[in-house]
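Okay, so here's just one chain, in C-alpha cells, the form predicted on its own.
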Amino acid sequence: MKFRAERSEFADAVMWAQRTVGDRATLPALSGIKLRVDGDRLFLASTNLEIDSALSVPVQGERDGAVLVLGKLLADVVRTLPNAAVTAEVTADVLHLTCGRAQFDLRLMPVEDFPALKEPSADGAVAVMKAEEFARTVAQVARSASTDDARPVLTGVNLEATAGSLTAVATDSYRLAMRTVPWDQGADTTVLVPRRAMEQARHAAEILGSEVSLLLEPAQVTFSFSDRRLVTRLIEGKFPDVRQLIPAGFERRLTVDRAELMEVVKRVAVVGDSNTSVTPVTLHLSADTVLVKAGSGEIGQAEEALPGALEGEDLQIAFNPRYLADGLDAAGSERVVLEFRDELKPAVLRPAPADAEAGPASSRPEADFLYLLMPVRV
C-alpha cells in the first residue's frame, strides 16, 4: 500500500476514526484504525463494537492495499506532523510516514483480525435532517439519559419516527427530556440508540454541518454525513412509556428569564458542593418573585431572589440543582415556563411561547421541547 495525501485532510480523517477506536484488551484489533487504499481514495474504519466509524478521503494512490495500525499512536503522530504533504508506504509489517523532514515507522497489526463492520441496508428508508436541527435535538435530550449501565434501557435515547415527525426521548428516572421535530421522509419505527452513539453523531453534525441522513433499522441505526458514516447497534429492551409521566394539567405556571434563573441556581447551590450528598435548591414562588435557597445550618446557607411571573397560588418546591440547571440550559430560549401541580408532583419546563420560534412562522419548522423534573423532598 502506498499513497500521498494532504496533511490536513489525512489528519482530520484519522482524528475522526480515533473517536470510535475500542480499548478492549481481549480484542487488540479494536485498538486499531484500518487504512485501505482503493484507487485514489483512502478508506478509514474503526469500531468499539458498539459504534462503527467509516469514512474516505481523496489521495494520490500508488498501490492498493489494507493495513491495521494502532489508532492512538497514529492519531498522536498525525497531530504533530508539519504542514506538508504526507506520504505513506507499507513494507513488510511497517507503515512508513514521511511529512516534510519528519519520518515515522509504525508497526502494523494483523489486518485480518479487524472485525467486519456493520453495513446499512441498501433499500432502507432514509430520512434527512439539517445538521443544526439534529445536533440541537441530541444536545437537548441526550443529557437526560442514565449513565448507570445496570439499567441499560435508560442509557439510550429513544427515537420514535413517523411519516411526519421524529421524537427523541431520554430519562434517568429523575428527569426526562423530549423533543419532537418535523420531517417529511420518515417511516414508522421506534429504536433505542445508545447515548454515546448519539453524542458521537451530534459531534459530527456540529463539525460537518449541512445534513444528516438517518437510516433506522430493526437492529441498528446509521448516521451518514457526506463521505462519513457512523453505524451503531441498538439497545435491547423496551423503553418505558414515559408519556404517562407528563401531567395532563397544572395549577401553577411560572414565567422567568432562563439565563438569570440558571445563574442564580448555580450560584446558590455552591453551598452544597462540599457535601457528600446532593443539597437541593428550594424555589419559593410568589406572584412576582422567585426566591432560591440552598444549604443548612450545618453546611452554610445561601439565597437570592429574581423576578418571575407566577399564575396560581404560591408554592415552595425543591429540586436537584444540577438537574434543574441542565433543563434550563437545554431549553436554550430567552425565557422559560415552568408548570407545577404541587410540591410533590413532577414539574415541566418548556421554552416560553414567544421564544419557541426564531423568526417568521414560515422560516423554519416548529419543534417542541419539554423537560420533566422530579422534585426532591426536603
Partner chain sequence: MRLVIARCTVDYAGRLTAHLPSAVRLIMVKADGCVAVHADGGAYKPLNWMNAPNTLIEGDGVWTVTDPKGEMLTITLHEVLLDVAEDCGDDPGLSKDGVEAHLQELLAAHPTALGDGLTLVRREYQTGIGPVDLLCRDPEGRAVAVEVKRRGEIDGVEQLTRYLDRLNRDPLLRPVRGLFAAQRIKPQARVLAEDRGIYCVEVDYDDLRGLASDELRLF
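Positions refer to the first chain, counted from 1. In this text, all values refer to a predicted model and were calculated from it rather than measured experimentally.
In what follows, reference is made to the form predicted in complex with its partner chain, a form of this protein that is not presented.
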*May I ask you to state whether Thr171 is within 4.5 Å of its partner chain in the predicted bound form, using heavy atom distances?*
yes
_Taking any heavy atom pair closer than or equal to 4.5 Å as contact, tell me whether Ala309 reaches its partner chain in the predicted bound form._
no
_Contact flag, Leu27 vs its partner chain in the predicted bound form, heavy atom cut 4.5 Å_ = yes
*Would Leu372 count as touching its partner chain in the predicted bound form under a 4.5 Å heavy atom rule?*
yes
*Candidate from Pro240, Pro182, Gly209, Gly300 lying within 4.5 Å of its partner chain in the predicted bound form - any heavy atom*: Pro240
_Residue among Arg175, Arg195, Arg229, Arg202 with a heavy atom within 4.5 Å of its partner chain in the predicted bound form_ = Arg175
*asked:* Counting heavy atoms only and using a 4.5 Å cut-off, do Ala66, Ala139 and Gly332 all touch its partner chain in the predicted bound form?
replied: no
*Pick the stretch from 69 to 77, 249 to 257, 109 to 117, 92 to 100 whose residues have a heavy atom within 4.5 Å of its partner chain in the predicted bound form.*
109 to 117
